[in-house]
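Quick heads-up: it's one chain on its own, the form predicted alone, in structure tokens.
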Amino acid sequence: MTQNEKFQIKRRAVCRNLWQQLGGGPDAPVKLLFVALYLAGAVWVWSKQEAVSAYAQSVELLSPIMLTAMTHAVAAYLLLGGVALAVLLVYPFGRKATQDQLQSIGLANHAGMAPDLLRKKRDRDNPRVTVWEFRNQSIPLTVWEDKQAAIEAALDVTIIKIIFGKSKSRVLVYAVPTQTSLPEVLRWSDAYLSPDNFVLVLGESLTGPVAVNLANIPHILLGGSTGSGKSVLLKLLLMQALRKGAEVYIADFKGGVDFPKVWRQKCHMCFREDTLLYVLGQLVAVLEARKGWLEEAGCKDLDAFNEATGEGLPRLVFGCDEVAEVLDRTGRSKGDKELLAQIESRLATIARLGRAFGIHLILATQRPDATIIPGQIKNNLDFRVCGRADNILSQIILDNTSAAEQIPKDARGRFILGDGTVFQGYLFDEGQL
């Protein structure tokens, strides 16, 4: 493409963009309000023209410029007000500087045109977040994502997410100032407990609390390297499940040291594989029984059944800390492998069918690869959380390397979700159980 062709494309694009900014877009009603106020002001100034002109003539020592403006108030208003109106309708503050910054990092189309900043506004759901709306200039969203770090440096922000707007010609960048950061420690308070039915909160991100609704996303996988805070996060979720009236079952094959006496008083604990097989068998039996009850009542899930019948059946939550200690078959005898196969089968049944019948899995492990958690189980653990990890571990848990890239190596209690949301988990004191 020649320089002249690029110039012609840019010139036509500027004219087209100016027309679009003046006449349309999602804030067209606001633009119309500005125009209406401008016209109403012109009418008011016209009605007061004679009085203002007479007053100007009566005042001594008035500068010639002021005298001319007051004598011709309507013309002055139309000129100055028109300029101000054009700025309000077309140019957000910092528009040109932003475009230059994006141009300098190479975020531009083949014609050399950088994205055009249309507006900046506060996010309705979170006042700490600013939404930058750009005219995309036909740049693929993947290019924006690949250059996220460079965009953050150019605009001096921390980006939460980048998405398309109402159409693919618009890109929305959700960001907070770089001075905004997550705390290293975030202690749990009972005020954080969600009032919504079976919504469990995990911590706080830059955009607010992070939570999961087990009624919609029934199973959770917690991963991360040793010392990343998986066990603390697991106990935080189990504590909330207890507070919400669930029956909690816990398998701990690390000697039980992570779950002191207070847990054993309130939960069903198992420390041996034969006991675990029995517990899972009981959960599967409950699942089958509930399946029949829901079918007979014509209800689609546990909440609908409880509401229709008034039964009040509780949700059942099975948590396992370091599930690799249970499912790893390395060096096991033939009898042990057969036992583990039965355990896997029952876990797989709950993973596949548990949602509708209110039976949930929360599994924590350092390395949930296929040799530890079979695909028929892992594929049903839709809500995945990863703490500190290297590229390989992050890929295993989240199917991407974002944990290795976005969580500091010395961070404890810092996690990331599959959608890229980074959060600091609440630090739960077991004395609060």
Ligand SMILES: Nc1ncnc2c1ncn2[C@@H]1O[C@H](COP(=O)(O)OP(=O)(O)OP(=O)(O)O)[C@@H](O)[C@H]1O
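So that there is no doubt, residue numbering starts at 1 and follows the sequence shown. Because the structure is a prediction, the values reported are computed rather than measured.
Although not depicted, the form predicted together with the ligand is the subject of the following passage.
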Quick one: of C267, V176, V232, I139, which gets a non-hydrogen atom within 4.5 angstroms of the ligand in the predicted bound form? V232
Looking at T130, S225, S205, T98, which has any heavy atom no more than 4.5 Å from the ligand in the predicted bound form? S225
Taking heavy atoms and a 4.5 Å cut-off, does L427 contact the ligand in the predicted bound form? yes
Contact with the ligand in the predicted bound form for E184, defined as at least one heavy atom pair within 4.5 Å: yes or no? yes
I'd like to know whether N380 contacts the ligand in the predicted bound form, with contact meaning heavy atoms within 4.5 angstroms. no
Taking heavy atoms and a 4.5 Å cut-off, does S402 contact the ligand in the predicted bound form? no
Using the arrangement in the predicted bound form, list in sequence order the residues of 410 to 424 with any heavy atom within 4.5 angstroms of the ligand. R412, G413, Q424
